[in-house]
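In C-alpha cells, the next block holds one chain alone, the form predicted on its own.
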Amino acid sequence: MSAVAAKYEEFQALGVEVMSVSVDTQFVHKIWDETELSKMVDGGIPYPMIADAAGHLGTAYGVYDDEAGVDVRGRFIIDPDGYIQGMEVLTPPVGRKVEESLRQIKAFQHVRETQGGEVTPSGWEPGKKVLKPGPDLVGHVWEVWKPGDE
C-alpha cells in the first residue's frame, strides 16, 4: 500500500483512482495508517481505505477466503465502463510491482484510445511498437514482433 501511495500522483496523472479494500474496520485502517504507513510515505495513504468487514466486495471479486475470514491480496484494473481489464492475485509473501501496474494501465488506455485498432505486445511501453489486430496479423505476428522488441 505504501508503494502505491508513493506513486499515487502518477496514478492520478493517468486519470486513475486508487482504492484499497480489506476486512479490517475503518478504525484499524486509521491506526495502521497513523502508526506504520505514514512512516513509510509522507502524509500516509492518500487514497480511500475501504472497510469490508463482511467480505462482500472480496467475495464479488473472488479474493475472499471464507475459512480465514480475510481477503487474499489482489489488484484489479477496472475501466471507465466498470469492466475488469486486468487482475493480479498474489499470496502475502510476494509483493507486487507498482511500475508494472502503471505500465498495464497505460497499455489498456492506449488500446481504449485506439478503440482496439492497436494492441500492445508483451512489455509494451508508450512510444514502443504496437500491433494492428486483424486477419492479416493472424499467423504473422512473428514477422512484425519478437520477444526483445519490447
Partner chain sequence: MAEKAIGCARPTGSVVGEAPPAKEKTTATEGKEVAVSKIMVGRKAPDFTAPAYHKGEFKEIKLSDYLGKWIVLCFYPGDFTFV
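Note that this is a predicted model, so its numbers are computed, not measured. Positions refer to the first chain, counted from 1.
What follows is about the form predicted in complex with its partner chain, which we do not show.
Is residue 24 part of the interface with its partner chain in the model of the complex - any heavy atom within 4.5 Å?
Result yes; residue 24 sits at the interface with its partner chain in the model of the complex.
Can you tell me if residue 58 lies within 4.5 angstroms of its partner chain in the model of the complex, counting non-hydrogen atoms only?
Close contact exists here: in the model of the complex, residue 58 approaches its partner chain to within 4.5 Å, heavy atoms only.
Counting only non-hydrogen atoms and a 4.5 angstroms cut-off, does residue 85 reach its partner chain in the model of the complex?
Residue 85: yes, in contact with its partner chain in the model of the complex.
Mark residue 81 yes when one of its heavy atoms lies within 4.5 Å of a heavy atom of its partner chain in the model of the complex, and no otherwise.
Flag for residue 81 set to yes.
Does each of 19, 46 and 50 have at least one heavy atom within 4.5 Å of its partner chain in the model of the complex?
Result yes, every residue of the spot touches its partner chain.
Listed by sequence position, which residues of 93 to 114 have a non-hydrogen atom within 4.5 angstroms of its partner chain in the model of the complex?
93, 94, 95, 96, 105, 108, 109, 112 sit within 4.5 Å of the partner.
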